[in-house]
Structures are given as C-alpha cells and as structure tokens.
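The chain below stands alone and is given in structure tokens; this is the form predicted alone.
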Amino acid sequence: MNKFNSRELCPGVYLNSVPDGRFKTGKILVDMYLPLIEDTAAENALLIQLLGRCCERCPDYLSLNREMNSLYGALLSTSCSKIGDFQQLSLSISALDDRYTLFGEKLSGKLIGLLCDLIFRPRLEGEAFVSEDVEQERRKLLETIQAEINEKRSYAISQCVKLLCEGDKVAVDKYGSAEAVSALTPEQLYKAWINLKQRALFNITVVGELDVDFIGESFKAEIEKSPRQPYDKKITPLVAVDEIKEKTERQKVMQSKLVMGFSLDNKNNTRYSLKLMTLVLGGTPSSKLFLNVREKKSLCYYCAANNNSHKGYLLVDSGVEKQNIEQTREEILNQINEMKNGNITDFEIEAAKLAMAQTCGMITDSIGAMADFFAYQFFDDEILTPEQRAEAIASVTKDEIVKAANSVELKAVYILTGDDEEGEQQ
C-alpha cells in the first residue's frame, strides 16, 4: 500500500491522501469536528442530516439523485459520531475514479464541487433552514435515537459511559436528547451552520487516484470565504474518580446487560500495549473473557472488552442471565487480575497479534474502511498505515501487556435488568 500523506491547508483544515490504484472508485470523506456539548449536540446531529439532504443547486431529493446519477452513480452518505471530546459530523462521496470515465472527464472537480455546495450552500429560507426539510430530518433523527434505545446492548454501553465519564464531554450523547431535537427551530440550525463554517475543525481524506491537489485547493477556496477561528485540536484524558460508581436500571428485558467501566493509564503505556492487552482480555475468540467467562463457566451469552484510546478507559460488556450477574462480575475481575499477575500464555498473545494483523489486512480491501481508518487517527500524534499499526502491535512484549493490565482499575458498573425477566430478547 502506498504511503499516507497529510498536510494542513489552512488553520483548522487538514487534507489527507491515501493513493491506491487498485480500485476503480475513489472516495472523498469530509469530517467536521465540533466540541461535544449537551446544549449543541442535538442541533449539530440534525444539521449534518440537512447538509446531506440538498443544497441551492440541488434543492430536493430528485435533483440531488439526478446529479449523483450523472456522476456515474456516485454514492453520498452522512453520519454523526463522537470521538474523544468532539462530535464528528461526516459527509462523504464515493464515485468512479477519474481513470475510468467514458470520455476522459475528471470527476474529482465535480465531486468536491458537490460536497462544497452541500456544506457551504445549503437550501435556506433567509437566515433559516427550510421548515419542511427540518421536519422531515427531525423525524428521521428521532427514529434513530429511539432505535438506539431499543438496541439494549449499545444502550447499556452508552449508559455505562455516562456513569463512568460523568461531567466529561464524552458522556454526552452523540445525537443529543430526543427532547432537544424536538425543540430545535430552523433559525437555531442556521446559527449552528454558521458556527460550523467558522469554528469546526475540517479533516478531508481522499482515497484512490482522485486529483487530491485540486480537491484541496477547491475546498480551501470555499472555507476561506468565511472568517475562521477554529477550535483547539485537543482531547483531554479522562480524570477518573476514586470511588466505584454503580447503577442498576430495570426495563422489560429477557437478557440482562452488565457493563463495567475501567480507567487506564495512557501516560505510562503506549496505545499499542493497551490495545493488545484489551485483545488478550476480551477482543478475540481466544481471549480470556471468551474462553473462561463464556465458554468454560457458561456465565454469559457474550463478553467482550474494548478500550477508548483517546479518553483512556476500557469497557467490558456482557449479556447475562439475571441470576449470573454477580458471578460474571467476579469472574471478569478475576481474569483481569490473572493478567495483572502475568498469567498470560504465549498462545493468547500470538492469537491476539494474529487477529490484529488480519483486521489491519482487511482494512486495505475497501476504500471506505481505509478512509475511516485514517480519519480516526485525526487526533493522534502519529498516523500509521494499517501495516505499520500491525507491526506496532506485533512488537508489544508480554511485560508491556502486564504493565498495561496493571493500570486497569474498576470505576463504574452498570446493570440493565428486569424484575421478572419477561420481554423481548435483546
């Protein structure tokens, strides 16, 4: 795979290119970062949906779809997520590479032109978004929020993050609350759009053989039309409290959820040793949690670990029968203590390293996966290719894994269960 290139176009605006001639398509991903704040999360989440819906030049779905079809069936997508202290609003377009157009036309210019139209020239009514557009996108966002609540595993994880990170930006829901979404006005969304243009951090990632220089210059020309005072590109590590917070919530569920939140020491451990430690603990079918908690002791339906490298915490989530909650909790802590005491086999380490190597290898099979992989490293001090990341993981020693495990401290326990275990399986 060719190397990754990155540069700052102007303050707060970054351009990344991942040249790769293996694909017949290319992708432009524009990530916009705004501070994750309770008061603005809902408006930003609704805003990105509006920006991906239409623009002055393509004022409705029909005209936008016609434009996409004229670009050899280009695909447009939007998303809202969170990373560290920031809300990540993403708008991307995938289309045929310039090399494969029928008449030799360059699609790069048209693709970035459409993205700029959507971001910088949305469909407005004076200093407000069009009410009809707002209402339709509001309904879709409310349905998305409700769907997340109904998916009990992700709901339990989000509730544990709130408990673990109470008072920190990362505890804020990426979509805001349903009540906040319902109360938004077209005028508020217009102000949110102005703030986006003037203060957001922009990260543009181009994968494939598209004309990255033209794409960068075109975007730079658009962004410089507005006065800019971008937010600081900084994520503050989580400051863990001393006590262990515990919360039990009761709903009509058949399968209880146990989520445990742990603090990590990001300062004295590398992100690679923390990642490999997490994989050995509960990231593969050969991990301690899977083999011991799930398979040998049959205490749960699933049990997995995942760490947040930006904020410095680890989550272990499991689906359990109500009567097994306490025993599952004890066994999870026991497996962590085993790692702290150095009881880790060579097989467990090699299996985790192999799993990471396979995952990194799969990233290069998709332009979308590559775009997401590099974009996720936006706040990192060092940006690695998938191959370099696999090599970094492979170089981690057992002693480094044990050291990372000894930084793991329980800080929060969230339990979602029911009184009578009746309801839908989740």
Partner chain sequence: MKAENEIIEIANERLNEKYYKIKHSSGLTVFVFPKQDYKSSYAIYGTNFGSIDNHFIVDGQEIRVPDGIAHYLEHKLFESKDGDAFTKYAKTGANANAYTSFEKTCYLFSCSSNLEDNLKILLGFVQNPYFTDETVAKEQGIIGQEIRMYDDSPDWRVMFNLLEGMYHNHPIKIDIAGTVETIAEITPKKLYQCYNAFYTPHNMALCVVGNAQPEEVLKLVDEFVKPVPEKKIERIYPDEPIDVVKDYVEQTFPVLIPMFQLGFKADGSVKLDEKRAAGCEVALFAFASNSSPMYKQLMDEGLINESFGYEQVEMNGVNAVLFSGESQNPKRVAEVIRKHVRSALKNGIDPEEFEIAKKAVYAQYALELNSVQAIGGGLIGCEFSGRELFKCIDAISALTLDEAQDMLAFLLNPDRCTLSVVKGDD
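Given the structure is predicted, the values throughout are model-derived calculations rather than measurements. Numbering follows the first chain given and starts at 1. Here, rigid core means the biggest group of C-alpha atoms that superpose within 1.5 Å across both forms.
This protein has a second form, the form predicted together with the partner chain, left out of what is shown; the following refers to that one.
Participant: Any chance N69, Q136 and S286 all have a heavy atom within 4.5 Å of the partner chain in the predicted bound form?
Facilitator: Checking in the predicted bound form: N69, Q136 and S286 are all within 4.5 Å of the partner chain.
Participant: I'd like to know whether G319 contacts the partner chain in the predicted bound form, with contact meaning heavy atoms within 4.5 angstroms.
Facilitator: Within the cut-off, so yes.
Participant: Verify the contact flag for F214: yes if a non-hydrogen atom of it lies within 4.5 Å of a non-hydrogen atom of the partner chain in the predicted bound form, no if not.
Facilitator: So F214 does not count as contacting the partner chain.
Participant: Are any of the heavy atoms in T25 no more than 4.5 Å from a heavy atom of the partner chain in the predicted bound form?
Facilitator: Judged by the heavy-atom cut-off of 4.5 Å, T25 is in contact with the partner chain in the predicted bound form.
Participant: With a cut-off of 4.5 Å between heavy atoms, is G361 one of the residues that contacts the partner chain in the predicted bound form?
Facilitator: Yes, contact at 4.5 Å.
Participant: In terms of non-hydrogen atoms within 4.5 angstroms, which of the given stretches 166-174, 92-100, 117-125, 241-249 touches the partner chain in the predicted bound form?
Facilitator: Only one stretch qualifies here: 92-100.
Participant: Which residues within 36-61 place at least one heavy atom within 4.5 Å of the partner chain in the predicted bound form?
Facilitator: The stretch touches the partner through Y61 alone.
Participant: After the core is overlaid between the shown form and the other one, has the C-alpha of L71 moved by 2 angstroms or more?
Facilitator: After core superposition, the C-alpha of L71 moves 2 Å or more between the shown form and the other one.
Participant: With both forms fitted on the core, give yes or no for whether the Cα of Y61 moves by 2 angstroms or more between the shown form and the other one.
Facilitator: Y61 C-alpha, core-superposed: shift of 2 Å or more.
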